[in-house]
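Next up: just one chain, as structure tokens, the form predicted alone.
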């Protein structure tokens, strides 16, 4: 449970309006997740309940370089405060949620009946309490954004441990198409930083979203990322999550299949190192017939790293003719690393094709011997074998500059581990 001083601080914060009181009450009731919660068994934040947090981070004064990826727009969220760099392209709008709900009756109906979370998640309620009126980016009907939108979510603490909230909403109207690249990074901080971030996405019929997440955070940074995606008929999502650095990284990813002929592709790659924990919790909820989901996650665990994967697939009674596939494969590159996996598949329909599976192993000694016998050093051989293992995920990134950028960071992370 939360420390009494923390509760008193939260309930007296002037930043929290009456509208946020219900969400705040949910968080205060449960506090930060502990390992007594089934969904957080291997990724406890129990110690956070006793930390004297600063809930109102100061603004970041440093300028942050914009990445070189092909883009139509850059958005920067610095310690929770968002700004747009450049002009919005034709067909893309951005307004606060309250204004958007007043202007869009169809979306308002969807938003007000959005589904409850499928796990114990007090942190989403905490995020909601601090983000009652987030920005909504809307891609208009039949608009195809040829260049990607880059969102930089940058963190920096002050002298005290700091909680940084943030939320963005994406809404793609019928036939819209866009690519959204999200970079979660940090500047040098003097103290502990906890980032509690939410991205909520609605796809209308025949919409197509490609979503990349690049999570590269410094030591002392903890991140919980909530991503919720609602898909209407004939829509498609191609999602990639690259977790490269961070003391504690937890991804809560929920897909809600609300129409037929939906395609959902989930790809993930995580490379935790010494003193790092990376946890991926995914839920794909098939509610309508003739839909397809493909889930591929790969992990390379270095040093004394801890990895967690919990993938759930639900196929509801009305979701006949569903194809749902899930695969999680991991390599322990150190005898000190630990991996915890729990694939889950619950089916209420009788005309489906579904599979799930997970493997965890070590590098092949035979392959290492073969490479060493041809003059390749031990470290280089291990690096090459690990890159070959993860290449299946990296090769799916269609933007060449982004693919090369991510590859170079992963190679650097692996090579550094041999020097430790």
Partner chain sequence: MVFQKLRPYFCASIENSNQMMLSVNDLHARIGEKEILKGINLEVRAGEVHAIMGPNGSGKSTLASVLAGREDYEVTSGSVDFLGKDLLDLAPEERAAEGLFLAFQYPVEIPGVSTTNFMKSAVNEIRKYRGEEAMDAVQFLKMFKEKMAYVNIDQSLLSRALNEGFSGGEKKRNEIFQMAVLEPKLAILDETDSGLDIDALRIVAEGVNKLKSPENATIVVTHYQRLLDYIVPDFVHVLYKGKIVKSGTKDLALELEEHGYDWIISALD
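Residue numbers count along the first chain shown, from 1. Only a predicted model underlies this, so the values are computations on that prediction, with no experimental measurement involved.
The same protein also has a form predicted in complex with its partner chain, omitted here; what follows describes it.
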**Request:** Verify the flagged residues 98, 101 and 107 against its partner chain in the predicted complex: is each one within 4.5 Å by a non-hydrogen atom?
**Result:** no
**Message:** I'd like to check something about residue 52: if you look in the predicted complex, is any of its heavy atoms closer than or equal to 4.5 Å to a heavy atom of its partner chain?
**Reply:** no
**Asked** Heavy atoms within 4.5 Å of its partner chain in the predicted complex: does residue 366 have any?
**Response** yes
**Asked** Is there a non-hydrogen atom of residue 66 within 4.5 angstroms of a non-hydrogen atom of its partner chain in the predicted complex?
**Response** no
**Message:** Test of understanding: in the predicted complex, would residue 373 fall inside 4.5 Å of its partner chain by heavy atoms?
**Reply:** yes
**Which of 379-387, 40-48, 54-62, 351-359 lines the interface with its partner chain in the predicted complex (heavy atom within 4.5 Å)** = 379-387
